[in-house]
Ligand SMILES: NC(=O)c1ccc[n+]([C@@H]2O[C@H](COP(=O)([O-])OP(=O)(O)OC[C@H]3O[C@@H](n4cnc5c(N)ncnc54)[C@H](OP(=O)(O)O)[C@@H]3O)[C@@H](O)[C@H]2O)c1
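There is one chain below, alone, in structure tokens, taken in the form predicted alone.
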Amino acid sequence: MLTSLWRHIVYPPKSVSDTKLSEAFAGKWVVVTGATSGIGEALTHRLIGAKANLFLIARNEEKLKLLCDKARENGCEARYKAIDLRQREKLNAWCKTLEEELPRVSFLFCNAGKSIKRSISSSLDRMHDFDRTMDLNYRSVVALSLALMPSLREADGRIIYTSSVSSRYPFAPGWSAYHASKCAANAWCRTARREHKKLGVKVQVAYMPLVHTPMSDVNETYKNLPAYSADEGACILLKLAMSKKFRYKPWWAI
């Protein structure tokens, strides 16, 4: 009883109207990174229901094909790119073609992310952990945003970044790579928000609390804590994308 009450206080239920989703997203091109798992997959299913046109990005090509098939069956246009966004050379080469592939983009959901917990003293020979985390959580956001800027300007589009509420608090030991990457992206988004406003492109950041996904549930402690579901996380992103706000943060994130 107390656990249920605590969950509803700290994590009040999140939902979004199907009608509002259709009004906001139907027929518009939406790019989703990390589309085959967790929040990204839930977001994709919601957008399929809203009849958005989808460009899905993730590593799992088989699942990308299935999601695109489902989208087309529902009357949406759908394309995908199977790519590891941590691989700089491949990402850079692909970004050069993006404007031609997607001449008009209304929403870019930068949702792909990597979480890693390891102390600095245990990372003396693991510089690659920092590189990969930074490449995915920060660099890919910037690379895709720059590549799609002409398309976003054409549609008065929006960039929505999935950040973490933990980046707004004193940093806990073990999360140096993760927090550094998230804070870098947060700072870029805050700057881009001011610069892109003049161009007609809106930038928004979701400081997400804990969400149960395959990524977070690897941590046994997090797995047993109250949290939002992946679908509720998707609803948070969608409501932010339909609002005039710059950011979402939990009510308790003062």
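Keep in mind it's a predicted model, so treat the numbers as computed, not measured. Sequential numbering from 1, following the sequence displayed.
The discussion below concerns the form predicted together with the ligand, not included here.
Heavy atoms of no residue among 54, 103 and 240 are located within 4.5 Å of the ligand in the predicted bound form. Heavy atoms within 4.5 Å of the ligand in the predicted bound form are found in exactly one of 90-98, 119-127, 150-158, 163-171, that being 163-171.
Proximity of residue 59 to the ligand in the predicted bound form falls within the 4.5 Å heavy atom cutoff. Using a 4.5 Å cutoff between non-hydrogen atoms, residue 111 counts as a contact of the ligand in the predicted bound form. The ligand in the predicted bound form comes within 4.5 Å of no heavy atom belonging to residue 26. Contact annotation for residue 215: at least one heavy atom lies within 4.5 Å of the ligand in the predicted bound form. Shown without its partner, this chain lists 189, 68, 208, 48 as candidates; in the predicted bound form, only 208 has a non-hydrogen atom within 4.5 angstroms of the ligand. Counting a residue when any of its non-hydrogen atoms is within 4.5 Å of the ligand in the predicted bound form, the one hit in 122-151 is 136.
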